[in-house]
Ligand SMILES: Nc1ncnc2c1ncn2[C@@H]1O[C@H](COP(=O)(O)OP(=O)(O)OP(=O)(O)O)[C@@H](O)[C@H]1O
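A single chain, nothing else alongside it, follows as structure tokens in the form predicted on its own.
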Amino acid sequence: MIKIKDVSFSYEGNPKNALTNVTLEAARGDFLGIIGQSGAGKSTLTRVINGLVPHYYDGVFSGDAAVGGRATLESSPEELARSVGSLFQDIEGQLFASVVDDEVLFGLENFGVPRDEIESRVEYALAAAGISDLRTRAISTLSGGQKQKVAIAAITALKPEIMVLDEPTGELDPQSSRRVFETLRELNEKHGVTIVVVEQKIMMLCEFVSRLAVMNGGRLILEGPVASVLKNAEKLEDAGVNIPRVTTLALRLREHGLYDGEPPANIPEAARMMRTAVHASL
């Protein structure tokens, strides 16, 4: 589905690599979270996936990248957009219409979707994003979380195989952030959409994604199932990533011989870990 091999890239005018020898794969149906401190190369990596690098951003590119079987160097971002839906950090700059219904229609009409399919696509996308009740609302009256969902619905209506989201909850409160991630999980689990999401909130990622990729200084330093990545506490800290407190607790319990399982990624798993630890201490 997504295959990136030995990709390096430096932006024009900046000799320092934004990406260095990055190799990453995501299979159909994956829910991949990308994390790392500011400047680690996360956004540039998403631009490689959707073809904006190197087509829209000038610079020096090397390596190979393919998405849905298409080499990104040989396909324009417009061509890739038929299978890759992208959500950027600036949501306000990605919304074009004044009403929710028109926003979802906008992409369908621009991609030439047959008229007899449009209504069913709009209904499908609004339902998938959980905002069917907002269809006639003015976008200016919506909350930040609702606007995020409108943008997700507009992408979903195009039925992409892959969705790439760059910090979709950066400006949202915890409750709105959770609602956005619940929407993404539903698209992933019920509709089979492959999700790649850049996010700073590691606890949120650990609860929803199936795999984590950790960037540091333009390099991919860790990648794999959430539990296996969380074991590498020192590497995560060196990369400027604050590991979840439940993971820190697991490591301390392991030091005292009270727990030898996988580090928990969320509160329910932490609760099960504590029951195991309490039983071991008796």
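In case it trips you up, residue 1 is the first one in the sequence shown, and so on. Keep in mind it's a predicted model, so treat the numbers as computed, not measured.
Form predicted in complex with the named molecule: not shown, discussed below.
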query	finding
Contact residue in the predicted bound form, from G33, G51, G41, P244 (heavy atom within 4.5 Å of the named molecule)	G41
Answer option from T248, S228, Q37, S62, heavy atom within 4.5 Å of the named molecule in the predicted bound form	Q37
Heavy atom contact within 4.5 Å of the named molecule in the predicted bound form, the stretch among 8-16, 254-262, 21-29, 269-277	8-16
Non-hydrogen atom contact S120 with the named molecule in the predicted bound form at 4.5 angstroms	no
Any non-hydrogen atom of Q200 within 4.5 angstroms of the named molecule in the predicted bound form	yes
Q89 within 4.5 Å of the named molecule in the predicted bound form, heavy atoms	yes
Contact label in the predicted bound form: E171 to the named molecule, heavy atom within 4.5 Å	no
